[in-house]
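In the structure tokens that follow, a single protein chain appears in two forms: structure 1, then structure 2.
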Structure 1
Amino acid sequence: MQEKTSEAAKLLKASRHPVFLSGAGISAESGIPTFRGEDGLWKNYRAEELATAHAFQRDPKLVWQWYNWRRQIISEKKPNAAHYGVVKLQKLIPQMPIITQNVDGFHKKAGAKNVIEMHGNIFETFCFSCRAYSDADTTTEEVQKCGVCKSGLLRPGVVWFGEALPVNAMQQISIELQKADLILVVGTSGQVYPAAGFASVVQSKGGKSIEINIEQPVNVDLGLTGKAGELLPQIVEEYMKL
């Protein structure tokens, strides 16, 4: 595996504008469940039943109870070696943005800069109606109203099933992908679009793709099979030798 981590480091060193993309797998090593399937079962509800605008309109209190349960679980966990490995790599390559599908905020918590949270952040809150962000206490039993429009209800700051991804985030991602000559993908299945297509965008322009996953990566220029918490620090070490 050292041969592959060394090759990854060389590709990163030769890159002028690499992009980093992470999915649920990078936070799984911190013990955070995916909240989908059996891991996300709560009071006999599944994520697909609660993470929707329709569910919130029907029973906002129930949806908030679920999200506060999730927030509590995440709050008890910490960023792992993979998150800190990315931070070290970003210090060596300051122009490298971090695009994440995760809502746990762990990249920022670990100290990363230029983080694009394409699915939002579970610890943020905004108005269901006017979309204004709020720092109101949402752990209370009562659902809070927006302090700006005074009528809309506050909701978790994440993208729900059936909703479009944030325009600003997607515009940022588009700009970064157009500049990218390499993409390093970590902990994502490559099945959820549009993120699943980011590597193809970079490759279509002649760029390189590197993937770290516990399952054998496919359709990439360099695939590393294993835990990101072990492999990313190794790549950083190899990079520093160059």
Structure 2
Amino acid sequence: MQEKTSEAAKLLKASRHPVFLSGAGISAESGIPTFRGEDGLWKNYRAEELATAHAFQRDPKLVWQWYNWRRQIISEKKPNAAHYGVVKLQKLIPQMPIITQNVDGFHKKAGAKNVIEMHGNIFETFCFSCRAYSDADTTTEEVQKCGVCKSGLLRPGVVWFGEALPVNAMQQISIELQKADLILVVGTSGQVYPAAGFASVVQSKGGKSIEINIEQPVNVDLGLTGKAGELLPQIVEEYMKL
């Protein structure tokens, strides 16, 4: 595998503007369940039953408590070697933005800069009706009323299925993808759009794609099969030899 991590380092070194894209797999070694894996979140729940505005309107308490359960898990865990590997890589390639589908906040927690949390952050909360952000306690069992409009219910600050992504995040991402000549994709099943289409945007402009996944990556210029927590630090090591 050293040959591949060295090849990845060379591609990164030769790149003028690489972008980094992560999914739930980069937090797997922190002990946070992914969505579609063997022990994934969606194994016991259906995304449509929980991660949608309709689900929240139908049963706000169920959805709120599901996010409480996930926040509890995340707050007991910490970033892993993969997150710290990306921070080291970004120190070597400061122009590399980190686009993440994850809502756990672990890239920022590990010290990464220029992080675009395209699906929001599970520890943020805003009002379902007036959309005012709230710093209310997110550990309560009960769904809380908005302190601004007094009528709406507070919801997690994440992007649900069927919801548009934050405008500023999408604007930033399109600027980065236009400049990108390489994309490094780590720990995503590539099932969720628009993130799942980012690699083909870069490739369609003649850019290169590298992917790290425990399952063999396909349709990429360079695929590394293995754990992000092992491979990312190895790529950094190889990069520093160049």
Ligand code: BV8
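Counting starts at 1 with the first residue of structure 1 and goes up one by one along its sequence. Between two forms, the rigid core is the largest collection of C-alphas that superpose within 1.5 Å. None of these values were measured; they are calculated from a predicted model.
- Between the two isolated copies of the chain, the first is the form predicted alone.
- Residue displacement note: residue 59 has its CA displaced by at least 2 Å between the two structures (rigid core superposed).
- After superposition on the rigid core, the Cα atom of residue 131 is displaced by 2 Å or more between the two structures.
- Put the two forms on the same core and the Cα of residue 50 is off by 2 Å or more between the two structures.
- Relative to the superposed rigid core, residue 155 shifts its CA by 2.3 Å between the two structures.
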